[in-house]
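Presented as structure tokens, the chain that follows is alone, the form predicted alone.
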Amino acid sequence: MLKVNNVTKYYGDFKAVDNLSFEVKKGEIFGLLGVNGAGKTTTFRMIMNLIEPTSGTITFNGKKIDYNLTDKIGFLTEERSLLTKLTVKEQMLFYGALKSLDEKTILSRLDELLTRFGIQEYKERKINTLSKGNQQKVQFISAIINEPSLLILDEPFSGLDPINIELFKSVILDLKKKGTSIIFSSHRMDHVEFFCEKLLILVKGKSVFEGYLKDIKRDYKIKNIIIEGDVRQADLKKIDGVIKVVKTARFYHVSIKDESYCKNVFEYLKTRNNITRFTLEEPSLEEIFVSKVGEAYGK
């Protein structure tokens, strides 16, 4: 289990991370979210023992993270960190050696992973000749070649088409099944909702919201009603409890203050014809994220 306990990090007078605490259990996917500059990258670097916290502690399975433990950590960075003039094989031999793996183990795992990702024919190709998507595959392989116990994924689907996103998803879920603890960070809230049981939102280095996703969505009072049919947007906006109404190509998306106001919308719809859909839904994680970050910034 990863445990981040009351961690603060200063760069000079600038506080990049402010008294941050969270835990990631074995086989759990934990979402660490925030806008750019929120402190996520600094947190990742402290977990990797690349920089020391100013105060607080970070432990993995009860031990302070040092070079012995980092051999069991994988990190897929948002930025490309590949040596592009090397071949894929040379890159993996280099990264694997940094993780204390012998050449035979590296090459065996590499062949297996290249096949899994459908790029076995690129083994002897230089990385700078590969497409952006295939470079992302190589970068992901480099993060898991050591079969990590803890894996940090920062925007893992960058540059991928929908088919390859599904491939990455299946690999990530397989790692979870094997007991890998995963920290998942993305600006795509639908991906976070797909993977994460728990999450934490950072603003200016400080946690402003955290908990289990199911509890967060249940406790967030604003709900959404999806309507398809003969209605008038202006009329919907006048209903007591309605916060906003957005019209898309097929539907009206009506946000209400809480579930109790649903009956007001329903009473209006009883006066209309050809209502083919009326669905009460939980808010999306994206809506909650925007709301909580906006509150933290005083907006």
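Keep in mind it's a predicted model, so treat the numbers as computed, not measured. Sequential numbering from 1, following the sequence displayed.
One more form of this protein, predicted together with a small molecule, exists but is not displayed; see below.
Taking the small molecule in the model of the complex as the reference, which of L285, V24, L20, A16 has a non-hydrogen atom within 4.5 Å?
Only one listed residue qualifies here, and that residue is A16.
Work out which of E210, D71, E78, E228 lies within 4.5 Å of the small molecule in the model of the complex, going by heavy atoms.
Among E210, D71, E78, E228, a heavy atom within 4.5 Å of the small molecule in the model of the complex occurs only for E78.
Might G39 be said to contact the small molecule in the model of the complex, defining contact as any heavy atom within 4.5 Å?
Output for G39 is yes: heavy atoms within 4.5 Å of the small molecule.
With a 4.5 Å heavy atom cut-off, would you call C262 a contact of the small molecule in the model of the complex?
Because no heavy atom of C262 falls inside 4.5 Å of the small molecule in the model of the complex, the answer is no.
Would K176 count as a contact of the small molecule in the model of the complex, using a 4.5 angstroms cut-off between non-hydrogen atoms?
K176: no contact with the small molecule in the model of the complex.
Do V35 and the small molecule share at least one heavy atom pair within 4.5 Å in the model of the complex?
Although the small molecule is absent here, V35 would touch it in the model of the complex, with heavy atoms inside 4.5 Å.
In terms of non-hydrogen atoms within 4.5 angstroms, which of the given stretches 40 to 48, 235 to 243, 270 to 278, 251 to 259 touches the small molecule in the model of the complex?
It is the stretch 40 to 48.
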